[in-house]
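Encoded as structure tokens, the following chain is the form predicted alone, with no partner shown.
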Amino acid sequence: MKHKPRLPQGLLTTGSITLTVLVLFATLPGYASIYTVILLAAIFMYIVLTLSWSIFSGPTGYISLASAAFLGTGIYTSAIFGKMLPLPVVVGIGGLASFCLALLAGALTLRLKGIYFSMFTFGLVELIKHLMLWFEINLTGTRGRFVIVVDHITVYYVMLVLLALTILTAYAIRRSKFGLALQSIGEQEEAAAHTGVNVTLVKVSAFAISAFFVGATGAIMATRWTYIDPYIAFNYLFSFMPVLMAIFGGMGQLYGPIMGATVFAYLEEILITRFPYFYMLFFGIILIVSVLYLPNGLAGLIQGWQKRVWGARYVHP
């Protein structure tokens, strides 16, 4: 008698957990409070920003501070086209606009390395912010725009879809030859080029892919803010927060940035409510402690604990 092949137990467990979590999130608006729905949408936003950042910066080691530029591009896309086009189209245009911006910026600057690349990407945020400010004041006669308002449930479900797509994309890249090429660039870029990797093409492609999800997120989250201007849309904190969250969570595993973003997004909600003038001080302290005592983030801490537990079981069955 032939036996049917069985899937590994670990794969079954992972798939069951993932399916359970997705079903829970998909049905949650039916019984949760509106505050919970709004909070989870904000957490989803930070997870997408952090995971998108780690798609490119994690394996390559290039510290990008351009997240605010891509998010702001998506926000202004929503403000400009939100009243003319259906919401899914606006979200897609926001992602594509950021994708094209990242292609252009990456093609021009990804030959820079280290601090020079980080400085340029942060300068890109300021450049686009002041260009939009000049455009608003001199050509439209205003300093901002009203954004079409979408109900919180719709925002929640769109963010949930974007979150699922970002996780799937990050997972697929990690398991692909493209992901191996990114890792080889981070380990030794010159050696990767000599082995046949098109270094510039790989870096620019990863940079643009990560920007797509950030821009799409900006397009949908703009509907929560009603009114936006260049200082709101291109807030530099959206460039630094993904870096902080990724470092805190750890970039060695896919779940590291997700954990870091979840913890920090929830902390931000609590600290802004209770300590509105000091919450960034707490974030700074957490960052210093993470760098000093958690060099591999929460993911590294969990891996170390797992090794100790399994090691003890192996020695003492």
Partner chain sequence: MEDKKRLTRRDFLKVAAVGTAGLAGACSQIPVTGKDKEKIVVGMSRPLSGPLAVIGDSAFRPIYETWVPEVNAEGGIYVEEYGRKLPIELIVYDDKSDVGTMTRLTEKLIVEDKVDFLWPASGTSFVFAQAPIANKYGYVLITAEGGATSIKDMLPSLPFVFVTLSFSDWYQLPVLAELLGEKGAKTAYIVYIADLHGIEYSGVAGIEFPKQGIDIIGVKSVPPDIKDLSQIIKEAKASNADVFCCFAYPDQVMPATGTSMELGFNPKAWVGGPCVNFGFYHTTFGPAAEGVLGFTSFSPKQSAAAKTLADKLYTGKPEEAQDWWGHPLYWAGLEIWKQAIEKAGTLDQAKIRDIIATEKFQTVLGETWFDNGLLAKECHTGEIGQWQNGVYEVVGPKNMATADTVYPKPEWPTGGG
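By rigid core we mean the largest C-alpha set that fits within 1.5 Å across both forms. Numbering follows the first chain given and starts at 1. Predicted model only: the values in this text are computed from it and were never measured.
One more form of this protein, predicted in complex with the partner chain, exists but is not displayed; see below.
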(request) Please name which of the stretches 159-167, 86-94, 210-218, 134-142 has residues with heavy atoms lying within 4.5 Å of the partner chain in the predicted bound form. (result) 134-142
(message) Can you tell me whether Ala172 touches the partner chain? I mean in the predicted bound form, with a 4.5 angstroms heavy atom cut-off.
(response) no
(request) Answer with yes or no whether Thr226 is in contact with the partner chain in the predicted bound form, where contact means some heavy atom within 4.5 Å. (result) yes
(message) If we define contact as a non-hydrogen atom of the residue within 4.5 angstroms of the partner, is Ala26 a contact of the partner chain in the predicted bound form?
(response) no
(message) Can you tell me if Val263 lies within 4.5 angstroms of the partner chain in the predicted bound form, counting non-hydrogen atoms only?
(response) no
(request) Can you tell me which bits of 163-180 touch the partner chain in the predicted bound form, meaning any heavy atom within 4.5 Å? (result) none
(request) Examine Phe283 after superposing the rigid core and state whether its CA is displaced by 2 Å or more between this form and the one not shown. (result) yes
